[in-house]
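One chain comes next, on its own, written as structure tokens: the form predicted on its own.
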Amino acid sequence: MSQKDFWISVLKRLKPTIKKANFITWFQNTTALSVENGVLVVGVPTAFAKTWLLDKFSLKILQAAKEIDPSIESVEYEVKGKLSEKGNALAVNINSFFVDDGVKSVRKVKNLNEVKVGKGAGDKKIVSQMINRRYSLSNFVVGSDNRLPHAACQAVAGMPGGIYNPLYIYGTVGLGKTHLLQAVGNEILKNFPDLVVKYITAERFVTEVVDAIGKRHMSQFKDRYRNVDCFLVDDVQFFARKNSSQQEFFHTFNELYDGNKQIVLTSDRAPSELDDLDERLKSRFSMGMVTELVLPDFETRLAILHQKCGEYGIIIDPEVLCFVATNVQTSVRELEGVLKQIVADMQLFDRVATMRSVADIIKRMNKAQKIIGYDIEGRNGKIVVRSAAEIMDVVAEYYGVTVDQIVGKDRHRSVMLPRQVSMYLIKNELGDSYEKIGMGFGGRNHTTVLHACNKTVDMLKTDLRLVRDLNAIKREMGL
């Protein structure tokens, strides 16, 4: 059995014991480097993955490894940056462990607008329809700030038309109201396959009312919405000043409520604050369960970021995620928007996310009035390095090594290349003399620095990977 096959066997034992998001995030591109003298050496792509596996999963890994090879007594971890490179033969692609899960999911749901046959026949058939099957109560991150709305949705999904009817969820934009609303519908369809669930936005409802009036199809319209088992309406504040639609919705509401059918509504305001809305509607919105979604606290924002990283199958430095959670506080939607930009930045420029690059993204997207925890002042609003030490910090962070390794005596290529790149950038961007640069690298003489710079220049003529690395590092430096 090869080292990689051995590690795959270990991972297969670990998979059922670890949450999918954590499994994808922290075990992606790992491998077994050696098994000798009772010691399993695990290769990981980053120092952050090493720390996380050592702190959180080391015991589980040891137990799984011992099931295969009882002689193993301990597990050690070694950072190998090349494991994250595409096509690396040793690295294990964790996503392949979930191929079967994905196939099953595709068979269940053919597309995001899948409809389920409901009541009636022919043209009068009433069907369920949801917008996004990916929304579920299980992937909604629950924090202290949104525990009540989530619990109310769970209660409704378990007993439609029960005590929480109607359920009214309100809060400012981007906090997850639509997620919860559609998750309730998906959960009801899973628990009660014979029920008919209808999701619609208030804006769409108004459009259909106008269309039905114009075409004189009001009877068909009424049948479509007054014979469902669960009615989900998003953004009911849109009914303001639309009298005909309000009247039709009022009668639809009454018909469903009297028939013990579940009604779930969302809005950006509490019922009492809905101006230009019929008092009868506001009264009905308030007679069930009214719950508010508020801005998530730091811990919840951080949990959301970790979950999304797991869904995307990427690893981002936990300190960088903390930095994002600290500086993006306005809404969950904007938090995810910043994360998507970070992921795009990583993929397009093939670089790791750092506090420098993320601070620049947040500044560029205007998601924070003032960046907390990092100096972002510089050229065109970007961070600009001002010293050799700062250049070495950026290079070390980019290549996943330490500054001590760069200035030390280590001659491995994984350290030699960052050392040469650092010398080249200090010479070309700061204009320091070869003698001064050498003193900053452990007292090396000027000919060593000259050779490093010249070698970098020669490599840039043919090594496209190095050209890409240099461009990415310069962007990190604000140049």
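Start at 1 with the first residue shown and count on from there. No experiment lies behind these values; they were computed from the predicted model shown.
Below, we refer to the form predicted in complex with adenosine-5'-diphosphate (ADP), which is not included among the displayed structures.
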Task: Option touching adenosine-5'-diphosphate (ADP), based on a heavy atom within 4.5 Å in the predicted complex, out of Leu175, Ala183, Val228, Val233 - done: Leu175
Open item on the list: Exactly one residue in Arg133, Arg284, His179, Lys80 has a non-hydrogen atom within 4.5 Å of adenosine-5'-diphosphate (ADP) in the predicted complex; which is it?
Closed with: His179
Task: adenosine-5'-diphosphate (ADP) in the predicted complex: contacting segment from 269-277, 318-326, 210-218, 166-174, heavy atom within 4.5 Å - done: 166-174
Open item on the list: Is Thr330 part of the interface with adenosine-5'-diphosphate (ADP) in the predicted complex - any heavy atom within 4.5 Å?
Closed with: no
Task: Heavy atom of Tyr399 within 4.5 Å of adenosine-5'-diphosphate (ADP) in the predicted complex - done: no
Task: Contact test in the predicted complex: Asn146 vs adenosine-5'-diphosphate (ADP), heavy atoms, 4.5 Å - done: yes
- [ ] Look up in the predicted complex whether Gln341 has a non-hydrogen atom within 4.5 angstroms of adenosine-5'-diphosphate (ADP), and give yes or no.
- [x] no
